[in-house]
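In structure tokens, the next block holds one chain alone, the form predicted on its own.
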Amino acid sequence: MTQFRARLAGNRAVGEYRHLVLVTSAEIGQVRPGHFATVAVGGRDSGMLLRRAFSIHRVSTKPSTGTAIELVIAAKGPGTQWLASQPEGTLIDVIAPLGRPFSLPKEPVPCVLVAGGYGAAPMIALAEELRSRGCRVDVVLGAATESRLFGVLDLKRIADSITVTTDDGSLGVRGMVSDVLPDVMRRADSAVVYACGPMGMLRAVSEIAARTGAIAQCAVEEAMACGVGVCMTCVLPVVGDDGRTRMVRSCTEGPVFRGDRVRWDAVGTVPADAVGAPRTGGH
């Protein structure tokens, strides 16, 4: 990872989101689908001390301009609203690339990519990587409404098939991604499922994949205040190779985890059987 200052070279609306382009001359190393960046928000006079974490959408490098890092953000709280309001030319403090990215199959296998809302941001580069390896790629995108979808047209150009769901039926199938995913996986005989989006969606996708014998890789959405494993705000319970549950950091051990290893029903808690969990009863 590298900490650097980048110039905001683009800031445009895409539905209900903002698509940002940050340009830097810094050497940041290889970026793979699933990596994320943290951004300092609020300016020098702000009390917003914590960074905001975003999946990296795309990265490109040109000798004449440097490296362009693209992010997709939803302006929800004060930090993201500040970032979304910045004019082109603003210098932004960035740390990237962070985390463990998606693992790619060594052999061509049929894959399904599932995303909720702007969780589709890293999926376009992932789809391109998988197609370059000879994998079949089917995509399921979901959101509350049409304006909260992202990447539909880009993924249509890359994927073998794309299925869109919206809660209100404004585009595609009315319902959730979990309603259509079993049929998509059956038709494609999918071996691997890649998912990025809300935690409830990731849990549903993981359960569907487990029932069909497919491997699920899930990029979790946890609050990552520091992004480098120091603050411990993003821990969640994950089962290790030895069968024991440990509280692991999403920002360093993740954000991508095997779906069958995350204890989705215990996210936000420390299970009593987790390694190092507080003991009750005074013993």
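It should be emphasised that the depicted structure is a prediction, and the values quoted were computed from it without experimental measurement. Start at 1 and count along the sequence shown; that's the residue number.
Heads up, the form predicted in complex with a small molecule isn't pictured, but that's what we're talking about next.
Colleague: With the small molecule left out here, work out from 22-30, 239-247, 219-227, 59-67 which stretch has heavy atoms within 4.5 Å of it in the predicted complex.
Modeller: In the other structure, the partner sits against 219-227.
Colleague: Quick one: in the predicted complex, does every one of 54, 72 and 78 get a heavy atom within 4.5 Å of the small molecule?
Modeller: Affirmative, all three are within 4.5 Å.
Colleague: So, in the predicted complex, is residue 36 in contact with the small molecule at a 4.5 angstroms heavy atom limit?
Modeller: Result yes; residue 36 sits at the interface with the small molecule in the predicted complex.
Colleague: Would you check, heavy atoms only and a 4.5 Å threshold, whether residue 50 touches the small molecule in the predicted complex?
Modeller: Flag for residue 50 set to yes.
Colleague: Taking any heavy atom pair closer than or equal to 4.5 Å as contact, tell me whether residue 118 reaches the small molecule in the predicted complex.
Modeller: Flag for residue 118 set to yes.
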